[in-house]
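The data below hold one chain only, encoded as structure tokens and taken in the form predicted on its own.
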């Protein structure tokens, strides 16, 4: 059995899930409760981070590592772009996007989202049974402080993160202008990683996660408002519309 341990809303987990779908690999997506995952995942993998893929007795941890593994094990429909130079460019682009979009975006979102227990519970326990949702509710004060201290920090860090996010999206606006793909003339892992990273800002309907409602937090929505009509957000919408396709249904963890 092939199993993908994940946080349902995580863009890293979405990238791994998308890669599996594109490869046509049958798998079971298994959502994990945050907090206890620090112990449960460490029993099967070197670190506590998600996603983790279990397939044929092998354990693969991390979105990029999972994509590497899938290309090696299932070479048909490659996710890496063609040519060594393009592959190096993809690796650099993914790393830059992670540092300059993924990390600051997460900080800007959590600054507001941690004050909304309902949407946070939806994000972290989607597809889970009632007792795991109840556990999340009980442990939320501890989780909220951990998320704040790890990802939000202070006002200066948030201001820096939002400035970095705006600068990087402006750079991507130039890159995607008039282009369908980030590298080459077909969908590649670079498109998957970056589009997944920005999906929480765009909220594409093709995403397999059912997004919570954010209308009651105008400040959270304001994080993305300046990018609504950007070339980058338009590109994410097109990539999801044209290339996301069907995904395995998220089910409750056993």
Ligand SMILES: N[C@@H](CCC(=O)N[C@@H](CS)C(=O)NCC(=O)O)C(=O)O
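This structure is a prediction, so every number in the text was calculated from the model and none was measured. Residue numbers count along the first chain shown, from 1.
Omitted here: the form predicted together with the ligand. The next part is about that form.
For a residue to qualify, one of its non-hydrogen atoms must sit within 4.5 Å of the ligand in the predicted complex; all three of 12, 48 and 51 qualify. Stretch-level contact check against the ligand in the predicted complex with heavy atoms at 4.5 Å: of 62-70, 184-192, 225-233, 203-211, the positive one is 62-70. Interface membership of residue 221, defined by any non-hydrogen atom within 4.5 Å of the ligand in the predicted complex, is ruled out.
Interface residue remark: residue 44 is not counted as part of the site for the ligand in the predicted complex, having no heavy atom within 4.5 Å. Not displayed here, the ligand is approached by residue 151 to within 4.5 Å at the level of heavy atoms in the predicted complex.
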